[in-house]
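Here you get one chain, nothing else, as structure tokens; it is the form predicted on its own.
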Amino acid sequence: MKNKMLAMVLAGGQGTRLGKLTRETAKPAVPFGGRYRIIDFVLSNCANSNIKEVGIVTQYEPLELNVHIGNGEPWGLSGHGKGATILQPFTNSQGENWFKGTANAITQNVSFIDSRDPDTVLVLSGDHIYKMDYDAMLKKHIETGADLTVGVLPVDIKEASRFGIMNTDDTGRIIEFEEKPAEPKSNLASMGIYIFNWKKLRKYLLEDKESNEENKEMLDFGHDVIPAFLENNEKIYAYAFNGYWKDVGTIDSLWEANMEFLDPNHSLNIRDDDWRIYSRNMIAPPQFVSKNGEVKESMMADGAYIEGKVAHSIISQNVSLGENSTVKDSVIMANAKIGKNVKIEYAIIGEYANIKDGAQIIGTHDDIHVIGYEEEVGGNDYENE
């Protein structure tokens, strides 16, 4: 019997640690790799895993993200029997219903999930960079007879105290969950990827809330739902993932992931025709490098116009770089305009930024300089902090 799985992507987080880049943009909508946005990776994983329907939960600054997702057509999620549905907070007779946590976001969309009548629900975060076959994880979920399967990533034991850690027995069954333990007992970090049997999860989210004396709501999967499953001896298994996975929640990690993306031997293998990463992009003219322009060890998207020198950097769609300007170890987002005699190193330049002639934007490997979207810098108006 085929298991019908619905994916629910949690994409409502603010992402405050990305500073200027998420001031007016949802974190999953932040550009990545020259022609993608962060959420493209999880949506492409759904498409490549043959998942037909995806609910995307948005809340913080949703406009740009909602427009990018649209009807899901770039990821093959439009058409008969398919769908990408954007789910936002709403008001009803009981008042406002802002999402108060990961589990609460699912609770408030129970009606949507019920309308799709799934056997299992795949819960995903919309702000991680990775390629993963969710169908293989589902097969393991069915094979073990689990009520819940948690995607886990083996990390260096020295780093394990930074994560939620799953402790397992010899069969892979999770017997204990510790949130950022001072002395971790294992190195299996939760990736925030869950497959639940829907009827079981629904019972915990709704029926238990109505029946328990404290009327306690299940707000968060890590803090509430998984501990409750463990307490009631539900069958929870770990599914180990050994590929590339990156949480790009900080400026440093976002820059680092972009630089890693430049490696032609990167394990993400962006040129793999069997697991493509899809996105929504505007049509732009071909890229152009002038007689005096020079580009080395870099990625350039359509519409780029280069009269200066670029080294080990990502140049996004419709970026222009003036004469005698240099860009090194940096990410230039779409439609940024960079004038003449500009020097940029170890920086992230936001979309539609305008860098005037003669400006110097110099960061370091440990202190990446960020210019926000539509920000104008240079000349006498700007000092590199």
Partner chain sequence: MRMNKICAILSLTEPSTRDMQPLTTMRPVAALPMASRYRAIDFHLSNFSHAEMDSVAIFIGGSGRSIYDHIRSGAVWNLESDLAGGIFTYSQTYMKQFMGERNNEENDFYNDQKEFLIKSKSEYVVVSAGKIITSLDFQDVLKFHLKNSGDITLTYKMVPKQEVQGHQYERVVRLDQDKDVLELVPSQDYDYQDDTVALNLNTYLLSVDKILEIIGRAEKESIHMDIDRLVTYYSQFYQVDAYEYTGTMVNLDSIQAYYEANMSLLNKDYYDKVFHGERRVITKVKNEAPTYYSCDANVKNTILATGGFISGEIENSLIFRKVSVDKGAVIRDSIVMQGSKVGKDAILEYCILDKNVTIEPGVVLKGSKDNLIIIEKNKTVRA
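Predicted model only: the values in this text are computed from it and were never measured. Positions refer to the first chain, counted from 1.
There is another form of the same protein, the form predicted together with its partner chain; it is not shown, and what comes next is about it.
*Asks:* Which single stretch, out of 261-269, 193-201, 233-241, 162-170, brings residue heavy atoms within 4.5 Å of its partner chain in the predicted complex?
*Replies:* Among the candidates, contact is made by 261-269.
*Asks:* Report whether the minimum heavy atom distance between R276 and its partner chain in the predicted complex is within 4.5 Å.
*Replies:* Output for R276 is yes: heavy atoms within 4.5 Å of its partner chain.
*Asks:* Any of the heavy atoms of D302 lying within 4.5 Å of its partner chain in the predicted complex?
*Replies:* Although its partner chain is absent here, D302 would touch it in the predicted complex, with heavy atoms inside 4.5 Å.
*Asks:* Can you work out whether E176 and its partner chain are in contact in the predicted complex, taking contact to mean some heavy atom pair no more than 4.5 Å apart?
*Replies:* No, E176 is distant from the partner.
*Asks:* Just to confirm, G293 within 4.5 Å of its partner chain in the predicted complex by heavy atoms?
*Replies:* Within the cut-off, so yes.
*Asks:* Of N109, S125, S298, S186, which one comes within 4.5 Å of its partner chain in the predicted complex, counting heavy atoms only?
*Replies:* That would be S298.
*Asks:* Scan N97, T144, Q287, T250 and let me know which has any heavy atom within 4.5 Å of its partner chain in the predicted complex.
*Replies:* If I apply the 4.5 Å criterion carefully, the residue I get is Q287.
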